[in-house]
Each structure stands twice: as C-alpha cells, then as structure tokens.
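Given as structure tokens, the chain that follows is alone and in the form predicted alone.
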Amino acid sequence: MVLVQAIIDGILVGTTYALIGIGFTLIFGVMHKLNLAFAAASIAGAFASLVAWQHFKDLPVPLVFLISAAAAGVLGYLIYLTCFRFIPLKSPLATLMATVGMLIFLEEIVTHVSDGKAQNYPGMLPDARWTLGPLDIRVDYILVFAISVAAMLLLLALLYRTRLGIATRAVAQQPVAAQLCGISLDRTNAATFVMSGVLGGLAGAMIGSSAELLSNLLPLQLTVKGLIVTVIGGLGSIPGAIVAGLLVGAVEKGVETWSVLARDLCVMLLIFVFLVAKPAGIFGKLNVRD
C-alpha cells in the first residue's frame, strides 16, 4: 500500500511535469525549435510571485498563482524577442545557444533573489488529508491535479475552438501557406511563447506550493525533467506530454519509497529505455529516410 500511495501521489503531482512538457511541446510544435530557457522562466515566474507574497503577506494563494503565471508569460514573450525574433531561424544552433544563455541568466537572477537558499512558499491546505480506505491522500495534491487538468482543458479549447488556435496549428503545419492566408508568423509565435509561459508559471507555482519551498536549483532540474517528458511523450505531441508527465511523476514517487537518492537516476534510465525501445516517444512519429 505504501507503493500504491506513492504512485497515486506521483500521478497527481505529475500533472505539473505534464504542463512543463506541454510548454516545451507547444514551442517545438510551432517553431520546430527547443526553448531551453522555458522551465527557467517558469521558476522565475514563481519567484516573482514569491517576492509579491513576501511584500504582501495577506495575498491569497490563488492570486499568488496568477502572478506567477502572468510573470512567466511576460518572460516567455521576452525570451521570444531576445532569443528567436531577430535571430535567423535557418541557424538552429544560434537559437539553441541563445536559450542556453537565457537559462543561465534566469538561473543567476533566481539565485540572487533567493540568496542561494530555499525560500518558503505559500502552500495550499498543506495539513488537509483525504482518507480513502487505507490511502491517505494530501488535499493539496488533489488541488494541483484539478488545476492542472483545468489548465490543459482550457489550452485544448484555445487551440481547437479559437482563431488564435487555428492560426497556431496552421503555422505549425505549413508556415508558408499560413502566411499566404494572412496569418502573421511573428504574432502567432509570440502568442505561443506567452501561452506556454503561462502554463509554465502555473506549474512552477504549484511545484513550489506542494513542497512549500522554492529552490534556486529548480530551473536546471525542471529543464531536465521537462525535456525528458517531451522526449518520452513524443516531440510535438500534447497528449504524449500529458501521459509522459504522469508517468515520470509516478516513477519518481514510486522510487522514493525505495531510495530518494535513486529517484533522479531511475528517471534518467527511463528515458534511455524509451530512446532504445520507442525513440519517437509514446505518440510521436519516427521519420526514417528511405
């Protein structure tokens, strides 16, 4: 039952990894490029909300989450302007290295803000428990799961029920044809970075809230976990990112019952298994040359 309890907790919290994976997937799906600064911007948004909470102690937790999402959305737009907008897209290495530099820059800002120490972050009902037979589930984990699912549903509705969503999917499939139809690539790409930033900021806030701590080590850790989720789910696949996020969360919590030190090692081994057995990911398609 301890293992079952841990796996359930991992699935509930794994929705935050799914949001991070969706952020990576959105940007890659539209621009076919990796934004390695995405997860760092997500945590930087959470730290922005932390600063607001420290100055105004009576801020409710939902408002703290909204501040984190808004700040990460703004950072996402700034990353697009500085690392993609004015860099030739025919040079994929240039944009990749630009995002690496932005990752290091944001990580240094987070370290400066936190003085290199973990900071207390407001939690959602940290002491509340829901007992279901032999299971004892934290209520804040359930709230994290519910908020994440709601954010995913809103994103899917935006992508498939709005003009912006149609433009985003058109640019992802045929950018030249989209331009001929009057769709602005710059505006669509910028909107994609803002959307992914909002999702990342919400995920960063929930990660901090579930642990009631924010660490300056999170940007790099979350970048690695987000890339793992993206690769396992399949590059460009939103359903794949969701399933992979839940899988990574379940594996992490399950391994923690055996050894906390082996948690990250097993997650790394998981991606090697997928790269060997299913290199395209869960829902990805492998392009093979004839």
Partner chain sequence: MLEVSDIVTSYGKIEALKGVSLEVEPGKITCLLGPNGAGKTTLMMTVAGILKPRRGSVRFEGRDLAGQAPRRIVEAGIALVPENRLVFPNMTVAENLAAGAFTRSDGAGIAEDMERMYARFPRLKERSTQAAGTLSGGEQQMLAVARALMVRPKLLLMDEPSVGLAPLVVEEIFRIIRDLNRDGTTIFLVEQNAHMALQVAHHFYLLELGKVTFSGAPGQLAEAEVIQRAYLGSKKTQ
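On a predicted model such as this, the values are computed, not experimentally measured, just so you know. Numbering follows the first chain given and starts at 1.
There is another form of this protein, the form predicted together with its partner chain, and it is not shown here; the text below is about that form.
- At the 4.5 Å threshold, heavy atoms of Leu89 stay clear of its partner chain in the model of the complex, well away from it.
- The closest non-hydrogen atom of Cys181 lies within 4.5 Å of its partner chain in the model of the complex.
- Taking non-hydrogen atoms only, Asn120 never approaches its partner chain to within 4.5 angstroms in the model of the complex.
- Contact annotation: Arg169 falls within 4.5 Å of its partner chain in the model of the complex, judged by heavy atom distances.
- Proximity to its partner chain in the model of the complex, defined as a heavy atom within 4.5 Å, singles out one entry of Ala177, Leu220, Leu135, Ala157, which is Ala177.
- Partner contacts here mean any heavy atom within 4.5 Å of its partner chain in the model of the complex, and among 112-120, 135-143, 160-168, 195-203 they occur only in 160-168.
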